[in-house]
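Shown below, as structure tokens, is a lone chain in the form predicted alone; questions about how it binds or moves come after it.
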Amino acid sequence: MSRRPPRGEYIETDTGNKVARKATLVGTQNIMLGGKTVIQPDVMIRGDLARTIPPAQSASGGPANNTAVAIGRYCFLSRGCCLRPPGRMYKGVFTFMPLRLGDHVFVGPGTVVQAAQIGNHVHIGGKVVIGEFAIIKDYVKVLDGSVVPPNMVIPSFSIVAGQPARIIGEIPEGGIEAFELRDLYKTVGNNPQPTAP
């Protein structure tokens, strides 16, 4: 009889990432996790959609950086969301550009992200679509069901909603504590800790 402990729902890495066994990470060699990130079940991260520029065209002459998706610290990817790098024609060849998420980014359930960059302390609601090459700055809240058009730049401290998305308000002064994800991180995993009252 085996004495190994039962396998948990999450795989916990040395840097504190909690990755659900039922998450789908394709092309893991091209996915960078900053640490203390939660990836829930049914999340899809497309690291296989990496840059396809031949080595002769890379600027340094050395090996090209093939990071497709870079995720910062204390990010929370909810059930059923999809992170997919944006793609375009570059020097006559279709290629994918990196998707970069900052620290403390919450991505709601069923959301599709194809942005070029998402800043720090960003809350993206459920069933949101972030179009290709969109840029979301720091301290932004995207409300549920919003559709952010491709190439849109959302300034810091904005609240965004609608289809297509537009700025409907701003984050109030003192409202930035709500973007901290350290406590939410502690409630997930094989040994979750209850939140303090």
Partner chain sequence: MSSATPSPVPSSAHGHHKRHSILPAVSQSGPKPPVQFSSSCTIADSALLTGPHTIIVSTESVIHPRARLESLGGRVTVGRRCIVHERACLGAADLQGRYHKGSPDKEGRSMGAVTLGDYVTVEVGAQVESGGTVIGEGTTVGIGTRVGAGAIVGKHCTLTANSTVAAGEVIPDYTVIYSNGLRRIDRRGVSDLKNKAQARQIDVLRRMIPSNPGKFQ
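Positions refer to the first chain, counted from 1. The structure presented is a predicted model; accordingly, all values stated were derived computationally and were not measured.
Same protein, other form: the form predicted in complex with its partner chain, not shown, and the subject of what follows.
Contact with its partner chain in the predicted bound form, judged by any heavy atom within 4.5 Å, is made by just one of 135, 171, 33, 143: 33. Residue contact check for residue 27: one or more of its heavy atoms lie within 4.5 Å of its partner chain in the predicted bound form. The shortest heavy atom separation between residue 164 and its partner chain in the predicted bound form is within 4.5 Å. Residue contact with its partner chain in the predicted bound form: residue 159 places no heavy atom within 4.5 Å of it.
Among heavy atoms of residue 98, none comes within 4.5 Å of its partner chain in the predicted bound form. Taken together, the three residues 13, 44 and 129 all come within 4.5 Å of its partner chain in the predicted bound form, as judged by their closest heavy atom. Although its partner chain is not shown here, in the predicted bound form the stretch 79-100 places heavy atoms of 80, 81, 82, 84, 89, 92, 93, 94, 96 within 4.5 Å of it, in sequence order.
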